[in-house]
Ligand SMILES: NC(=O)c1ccc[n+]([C@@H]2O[C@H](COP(=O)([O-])OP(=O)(O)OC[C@H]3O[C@@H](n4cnc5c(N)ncnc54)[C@H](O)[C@@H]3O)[C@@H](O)[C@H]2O)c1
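What follows is one chain in structure tokens, specifically the form predicted alone.
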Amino acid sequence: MSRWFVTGGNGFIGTNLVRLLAGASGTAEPLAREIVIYDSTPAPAGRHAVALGADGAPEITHVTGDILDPAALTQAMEGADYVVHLAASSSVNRSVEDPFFDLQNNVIGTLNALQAARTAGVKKLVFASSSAPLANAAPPIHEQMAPDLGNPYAAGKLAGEAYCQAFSSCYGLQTTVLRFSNVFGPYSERSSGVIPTFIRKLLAGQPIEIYGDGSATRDFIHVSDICAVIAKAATDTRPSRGTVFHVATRTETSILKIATLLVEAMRARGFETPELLFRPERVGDVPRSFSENSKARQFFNWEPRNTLEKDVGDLVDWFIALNTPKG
């Protein structure tokens, strides 16, 4: 049992990870003795209540802090065994509009996390990267491919990966890089991902906007699969010098199919939904994207779930419950 430090722990993936570590998401027992959540944004009311109330749950400490404050980050990380660095700016559009903002949060912020982890003498730092550095490459993309960058967000994630490898080589800090595909699941009410964005629009009675004809594809993976690999990667004792893994399903699903599944799920639950709204294709949009996952499957003895339609319906139910007044 160990002390975990999660940057961005109040966010979408962070919340699900904390629940997994605390034994509040179906695990047999907690995976952590103590969890420190380091986030610049306070958790929504009741966000971690289940984790805190579970029998034998670890101590959960909330630290409100910024990854751009190296002194505060270093102090809060003292005594940590495992660090999961999730805090970042996840907006590709904002990186295009303001590349310096992306640089600060996704490069300098990651460098601060690595330096703090080095000072704390942690066992492993897991860096949440993205498939974005290979977004322009022909799918299925995989770890042996050379980067093909299409925007500053991709450049920032690739720089973070490079710093992970450099800190391992230069300072002996064990690091692992996980390149996530399109993640969806509960606690995503603030996420800018395709699926939660579409659900929020439908709940508000607004049409889903699709750019192009909807044939563009993405690799959608449930957040529970992401968190399972994070936990395995952090605790794996084999040397890891910035080793990169694609965490994905190796399945491409069109945006139109996702929109159709969501509309059908909403209508099955008694909601009236407007017709899909098709917009002109945006310049720079990637037509196809999905990732190979054999390296992660073999290394971590892991298999992603293959229940997209059920998971989408479950997420619709989660959003409906979230927006239903209590009492």
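A residue's number is simply how far along the shown sequence it sits, counting from 1. Nothing here was measured: the structure is a model prediction, and the numbers come from that model.
The following text describes the form predicted together with this ligand, which does not appear among the structures shown.
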property: Position in contact with this ligand when the complex is considered in the predicted bound form, options Ile199, Ala233, Ala87, Leu134, heavy atoms within 4.5 Å; result: Ala87
property: Contact residue in the predicted bound form, from Val183, Ala116, Cys164, Val83 (heavy atom within 4.5 Å of this ligand); result: Val183
property: Per-stretch contact check against this ligand in the predicted bound form, the hit in 75-83, 199-207, 126-134, 139-147 (non-hydrogen atom, 4.5 angstroms); result: 126-134
property: Gly65 within 4.5 Å of this ligand in the predicted bound form, heavy atoms; result: yes
property: Heavy atom of Ser240 within 4.5 Å of this ligand in the predicted bound form; result: no
property: Contact flag, Glu34 vs this ligand in the predicted bound form, heavy atom cut 4.5 Å; result: no
property: In the predicted bound form, Tyr153 touching this ligand (heavy atom, 4.5 Å); result: yes
